[in-house]
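Just the one chain here, the form predicted on its own, laid out as structure tokens.
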Amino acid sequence: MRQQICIGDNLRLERRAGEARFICSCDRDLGTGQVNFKEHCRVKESSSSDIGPGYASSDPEMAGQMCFREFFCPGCGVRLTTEVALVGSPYLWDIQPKL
């Protein structure tokens, strides 16, 4: 029996061959639990104003420095997570398990 922890509807941390791995619901391996799984995803980066109604910044200068990122499984295309970050910054680590 595999040990696993559900992280969301489509992402889990699962022990395989003695190592913790991020796994999509389609069973696509998204890397070891020691690295940011976002590095193994397809990414769509757009303006932070594209988030949707009600998310417009009152500071146009700051809005131009921010981006909206969507991370998709490269196997099945399901969106796994999103983030708002500074343009050009590394991907944020919102899931960093203590293994």
Partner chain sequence: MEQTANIIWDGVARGYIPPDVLRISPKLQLHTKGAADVDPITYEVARNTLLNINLEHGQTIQKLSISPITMLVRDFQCAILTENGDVMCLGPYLLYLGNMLGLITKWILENRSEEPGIEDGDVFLCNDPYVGTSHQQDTGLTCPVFWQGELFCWVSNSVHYSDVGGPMPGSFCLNSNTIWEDPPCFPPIKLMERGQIRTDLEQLFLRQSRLPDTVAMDLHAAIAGLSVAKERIIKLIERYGPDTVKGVMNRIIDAGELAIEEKLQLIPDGRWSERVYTEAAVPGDRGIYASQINIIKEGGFLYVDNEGTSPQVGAINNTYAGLAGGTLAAMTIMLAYDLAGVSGGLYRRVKFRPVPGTITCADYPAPISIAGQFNMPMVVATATGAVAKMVACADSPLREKAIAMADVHAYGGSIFNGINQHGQFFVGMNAGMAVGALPASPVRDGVDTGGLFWVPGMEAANVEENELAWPVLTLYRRHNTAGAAGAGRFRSGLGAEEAWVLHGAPQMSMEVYMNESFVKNQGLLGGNPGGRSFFQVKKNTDVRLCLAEGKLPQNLADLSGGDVPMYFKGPPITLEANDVWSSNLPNFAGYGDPLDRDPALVAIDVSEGKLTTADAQQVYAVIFGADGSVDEENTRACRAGRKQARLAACP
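Positions refer to the first chain, counted from 1. The shown structure was predicted, so the numbers you read here are calculated from the model rather than taken from an experiment.
Keep in mind that the form predicted together with the partner chain is not shown, yet the notes after this line are about it.
Within 4.5 Å of any heavy atom of the partner chain in the model of the complex lies no heavy atom of residue 16. The closest non-hydrogen atom of residue 24 lies beyond 4.5 Å of the partner chain in the model of the complex. In the model of the complex, the partner chain stays beyond 4.5 Å of every heavy atom belonging to residue 29. Looking at residue 85, you'd find a heavy atom of it within 4.5 angstroms of the partner chain in the model of the complex. Annotation for 37 to 55: interface residues with the partner chain in the model of the complex are 42, 43, 44, 48, 51, 52, 53, 55 [heavy atom within 4.5 Å].
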